[in-house]
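As structure tokens, one chain now follows by itself in the form predicted alone.
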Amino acid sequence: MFENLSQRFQDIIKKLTGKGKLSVEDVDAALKEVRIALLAADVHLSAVKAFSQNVREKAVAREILESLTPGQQVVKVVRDELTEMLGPGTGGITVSSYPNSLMLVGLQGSGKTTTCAKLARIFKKKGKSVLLVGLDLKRPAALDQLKYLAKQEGIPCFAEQGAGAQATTQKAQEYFRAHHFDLAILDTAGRLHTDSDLMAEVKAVQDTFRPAESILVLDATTGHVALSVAEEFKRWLDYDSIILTKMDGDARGGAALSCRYVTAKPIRYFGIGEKTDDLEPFYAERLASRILGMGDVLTLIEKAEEAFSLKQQEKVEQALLKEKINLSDFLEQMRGLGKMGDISGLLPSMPGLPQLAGAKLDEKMLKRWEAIILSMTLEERLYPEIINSSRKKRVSSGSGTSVQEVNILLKRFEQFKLMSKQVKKGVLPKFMRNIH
């Protein structure tokens, strides 16, 4: 997600922060690169112009250019403006009263049906009784897909084929009320394009259920097309918010960075995969930090809290506060990372680690690192500095890996020790000890 854009921003930041003093010309040169990077990421031209103008106006102020750390001050301006462009940090959906409903709308192929199941899972974890309602009657596979996803998550589903859209909607509402569910999540009709028939069906659902929120689901990989869809739906339907899907793909990020500016609607969540737990609450400030390569500490904390028990947290914290960190401690940390989901997806959230993405750190790599460490003697794990060339050959042979992989592991271990020292100095939030 945002890999190319993030790398370009990080290159620009290095140039800015590497200078002791900044001139107006330096800021203008950096902003030219920023504009090119944003346009290459498919960000809407009007959003790019507004962003660039706002950054320049603040960045060339005398108090910034004459400060002791002008580069860092300009970076802060960029981060603040990115946050503003992305919109308010909503952090998901809050339903204030129950029983109630949420209605999802969107074109076919946007991931609307899958997103319904993902949302249902989120509210089920909050202790709410949720009903999934299939109202996409034009595409029979949509009902079958919704039933399958509902069964996977153990969530009740109302999905009947046969009657017209209006009759089915009324029947679904009666079922919802009769069984006293807290929340209904409505999967409405979709088309390949917007038309009057589609909107008539969607409006009928909206009028019947009167949902707490009507949410437009957009495919982030379609770039400017997603923005056109958002504007077209806005013309027909007064939706309240947006969910962006397929943010884990090859999306250049333009839709996410432009949606709020173009539609004035908040983004609630973004999808990062096909699994039902691959839906993250949208926080503008966190995403801006990730784009700039500054990591996303709070999201990592939340994921870690789900993955680690309190006892495990204490155990890892004690290990990191030890006087001397060893490879066994490192192995425990890597195993903990594996519990938190897709490793490659977590890297951009880790302060100081996005630059390691090129190391292809994933579950397969972690397994190989585990094999390497387990092939070492106890003495080697406790005192890695004794691992010379002959020992590396023996370890690589015993683990079925190469000497080069052993070297990479030892290099990552040195970085791990450095971050552990930062933890002791209080550089990172306390709970981050559990993931570094």
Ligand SMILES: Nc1nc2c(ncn2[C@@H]2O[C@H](COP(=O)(O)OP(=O)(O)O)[C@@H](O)[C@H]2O)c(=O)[nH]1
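Throughout, rigid core stands for the largest set of C-alpha atoms superposing within 1.5 Å between the two forms. The numbering used is simple: start at 1 and walk along the sequence shown. Predicted model only: the values in this text are computed from it and were never measured.
What follows is about the form predicted together with the ligand, which we do not show.
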Check whether S110 has any heavy atom within 4.5 Å of a heavy atom of the ligand in the predicted complex, and answer yes or no. yes
Check R268 for me: does it contact the ligand in the predicted complex (non-hydrogen atoms, 4.5 angstroms)? no
Since only the chain is shown here, I'm wondering whether R139 would be in contact with the ligand in the predicted complex (any heavy atom pair within 4.5 Å). yes
Report yes if any heavy atom of E174 sits within 4.5 Å of a heavy atom of the ligand in the predicted complex; otherwise report no. no
At 4.5 Å between heavy atoms, only one of the stretches 234-242, 95-103, 200-208, 269-277 reaches the ligand in the predicted complex; which one is it? 269-277
Consider the chain as shown here, without its partner, and state which of D329, E213, D248, E153 has a heavy atom within 4.5 Å of the ligand in the predicted complex. D248
If we test each of S289, S258, T114, T168 for a heavy atom within 4.5 Å of the ligand in the predicted complex, the one that passes is T114
With both forms fit on the core, is the shift of the CA atom of R121 between the shown form and the other one 2 Å or larger? no
Could you check, with the core superposed, whether the Cα atom of R191 shifts 2 Å or more between the shown form and the other one? yes
